[in-house]
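We begin with a single chain expressed as structure tokens, specifically the form predicted alone.
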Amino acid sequence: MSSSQSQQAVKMGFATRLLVYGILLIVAIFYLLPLYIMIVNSLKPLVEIQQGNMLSLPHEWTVAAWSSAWSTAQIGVEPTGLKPYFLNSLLMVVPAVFIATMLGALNGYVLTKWRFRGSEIIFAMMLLSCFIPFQIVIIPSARLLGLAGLSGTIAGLVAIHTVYGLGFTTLFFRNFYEAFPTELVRAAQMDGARFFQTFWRILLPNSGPIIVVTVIWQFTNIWNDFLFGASFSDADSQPMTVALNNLVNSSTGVKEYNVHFAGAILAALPTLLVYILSGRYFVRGLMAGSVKG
């Protein structure tokens, strides 16, 4: 290849990259535009929003809408804001994620390293549960929660999310442990390690990537859930998403869009932070084995 042809190829490659990056930049701007609108208008007084230009930066910067959404907004009949419901979501998400992750790890361990007759059928049934729509399980779940005395409680929401997420966590850990060396498990058994000793000392310490995947997946799904929260909670146990819906629908007369935008950002902030801080580990965990098998 002559020098002129080489230079032409370099120029074409640069032009191609420039075109690709330009398209990606346009797509990113289009994708992030709603977030920009929410942030900018949450920092405006309501009067500026009512003037119609929602893309412009605030003339008067204020965090009054954030304060109102967090602690003084009118929800129902009492001015409480989203603050107590944020705590409800934490009390619901943390134990549900922990329990579902640990049970999924145990299921994956049993279904790969302690196979028994019918284990594949059990795994297939648990895999089927991943595709069951939320709406189908509402009535039987409400009945079971009522019989157990957990209806309208945070503990009931924890139980529902744990059971519903168990199929996903089992799938993740089962596929990850499928690629885990069985020889290490057999060696531990020959050294006298029992069932839980092998799990705690051999498998679980080497499960960091898939644990990250499972925690991010479960945290996001549970935190963003609205249907179960609206169906199985009462006024004292409502999660953040249900409280946000009440906040938006509680305005009478003039809609306080700046407060609504601020509340939506507050509700989405935990999942956004989780993905920003752990997103690369999520991809690494998927590549490490959760999509194998």
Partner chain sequence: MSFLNIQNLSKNYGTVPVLKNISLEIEEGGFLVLVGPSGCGKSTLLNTIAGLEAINEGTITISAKDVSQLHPSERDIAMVFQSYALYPNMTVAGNISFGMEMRGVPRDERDRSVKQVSDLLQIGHLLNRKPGQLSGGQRQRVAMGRALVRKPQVFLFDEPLSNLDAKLRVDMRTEIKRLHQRLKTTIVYVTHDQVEAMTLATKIAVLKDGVLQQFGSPAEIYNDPINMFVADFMGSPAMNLLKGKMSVTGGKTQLMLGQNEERCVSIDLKQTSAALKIYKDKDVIFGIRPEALTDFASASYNGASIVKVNCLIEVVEPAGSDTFAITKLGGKEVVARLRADANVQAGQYSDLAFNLDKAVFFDPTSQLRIA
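Numbering follows the first chain given and starts at 1. The structure displayed is predicted, hence computed values, not measured ones.
Absent from the display: the form predicted together with the partner chain. The rest refers to it.
Within this chain, residue 215 is remote from the site of the partner chain in the model of the complex, having no heavy atom within 4.5 Å. Though the partner is left out of this view, residue 175 does not reach within 4.5 Å of the partner chain in the model of the complex, counting heavy atoms only. In the model of the complex, the partner chain lies within 4.5 Å of some heavy atom of residue 187. At a distance threshold of 4.5 angstroms between non-hydrogen atoms, residue 142 is out of contact with the partner chain in the model of the complex. The candidate stretches are 81-89, 146-154, 94-102, 176-184, and the one lying within 4.5 Å of the partner chain in the model of the complex by heavy atoms is 176-184. For the stretch 185-209, the set of residues having any non-hydrogen atom within 4.5 angstroms of the partner chain in the model of the complex comprises 186, 187, 188, 189, 190, 191, 192, 193, 194, 197, 201, 202, 205, 206, in sequence order.
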